[in-house]
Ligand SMILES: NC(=O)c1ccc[n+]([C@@H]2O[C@H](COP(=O)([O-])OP(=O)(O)OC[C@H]3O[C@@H](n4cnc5c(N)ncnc54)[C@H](OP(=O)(O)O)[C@@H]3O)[C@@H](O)[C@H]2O)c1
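Only one chain is given next, in structure tokens, and it is the form predicted on its own.
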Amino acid sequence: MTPRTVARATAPAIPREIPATMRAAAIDRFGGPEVLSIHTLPVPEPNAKEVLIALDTAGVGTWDAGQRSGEWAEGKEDFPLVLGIDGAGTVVAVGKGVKHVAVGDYVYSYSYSNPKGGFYAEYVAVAAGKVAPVPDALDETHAGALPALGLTALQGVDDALELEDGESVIVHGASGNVGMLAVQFAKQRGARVLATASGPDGVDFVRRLGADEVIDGRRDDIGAAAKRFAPDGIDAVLAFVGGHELTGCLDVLRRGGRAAYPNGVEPKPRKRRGLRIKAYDAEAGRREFERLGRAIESAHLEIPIAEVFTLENAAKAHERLDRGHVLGRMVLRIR
């Protein structure tokens, strides 16, 4: 696990001239990691409401693998398809209608199914509303690793669950990329966190992040652990993994309790009388990024990095992703 993040010493240099083409890790068809290769593609042109970012880093996660394999295909993909939903870099061009972002700003961004291509590239054109200044607490690697995970975790805690001080919450799948941040945000809100993780190393990993109690979700008795943790019932569940283990978490919710999970968690939990169960999608906007920035600063957030790969080794990053049990975020270093 990496130590707490440190501030950047200086912002990366702005490219003097925007080239006509760029390197990008893209796919020409759906499949395994082997379909991901380096392409030379035109640099996307931002429209009036977009910005062009020269990327330094991009996050690598399960969303990308689902898009690469075709499992999460939306039926409107154009090949070659550049993967990646978040990253960080320097703004090198802005559209005429953009007011709050300027050339030279060091920013991070999250845009799922970005219309002009993903973040596994030297440049990305993205809606200005999905871009925000990188908080001083983050260096380039952690800035590229954070946007999708941070927004999903924070909005699960604050918006989907509305978690309050003193409440008990199960963070199910806490050793995953979003779960590891959700534990920290829940603790920041004053909640008591019972976390489920995968394997003994996953349990140790989550315990170091501040959970009050951690169990192996596949081996330990969730019901017994919850009874010890909150004898009158658990107030809330934030789930990043589906299946019968999630059913066990819902079984220990008190009447009137609530549960939330991001869309994409499968199988989805069934509705239950007396419980509020909500699916949600992370939203990226100016207000959402401002909230995330405040939470990063006040939580002294740890963003564990599992491994950093070069853009040319994007396929190797996906091979590691497909093997599973990655503790921490994987990152591509673009330039």
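Being a predicted model, the structure only gives us computed values, none of them experimental. Each residue number is its position in the shown sequence, starting from 1.
The same protein also has a form predicted together with the ligand, omitted here; what follows describes it.
Does the 4.5 Å heavy atom contact test between Val101 and the ligand in the predicted complex come out positive? Contact check for Val101: no, nothing within 4.5 Å of the ligand in the predicted complex.
Answer for Asp281 alone: is it within 4.5 Å of the ligand in the predicted complex, judged on heavy atom distances? Flag for Asp281 set to yes.
Verify the contact flag for His172: yes if a non-hydrogen atom of it lies within 4.5 Å of a non-hydrogen atom of the ligand in the predicted complex, no if not. Contact with the ligand, yes.
Can you work out whether Phe185 and the ligand are in contact in the predicted complex, taking contact to mean some heavy atom pair no more than 4.5 Å apart? Contact check for Phe185: no, nothing within 4.5 Å of the ligand in the predicted complex.
Looking at Arg218, Arg189, Arg192, Lys116, which has any heavy atom no more than 4.5 Å from the ligand in the predicted complex? Flagged contact: Arg218.
Counting non-hydrogen atoms within 4.5 angstroms of the ligand in the predicted complex, say which of Val237, Ala88, Val157, Ala197 makes the cut. Exactly one residue meets the criterion: Ala197.
Okay, which stretch from 22-30, 298-306, 37-45, 273-281 lines the ligand in the predicted complex, with non-hydrogen atoms inside 4.5 Å? Of the stretches listed, the one contacting the partner is 273-281.
With the ligand taken in the predicted complex, which residues across 254-280 come within 4.5 angstroms through any non-hydrogen atom? Going through 254-280 in order - heavy atoms within 4.5 Å of the ligand in the predicted complex - the hits are Pro262, Asn263, Gly264, Val265, Tyr280.
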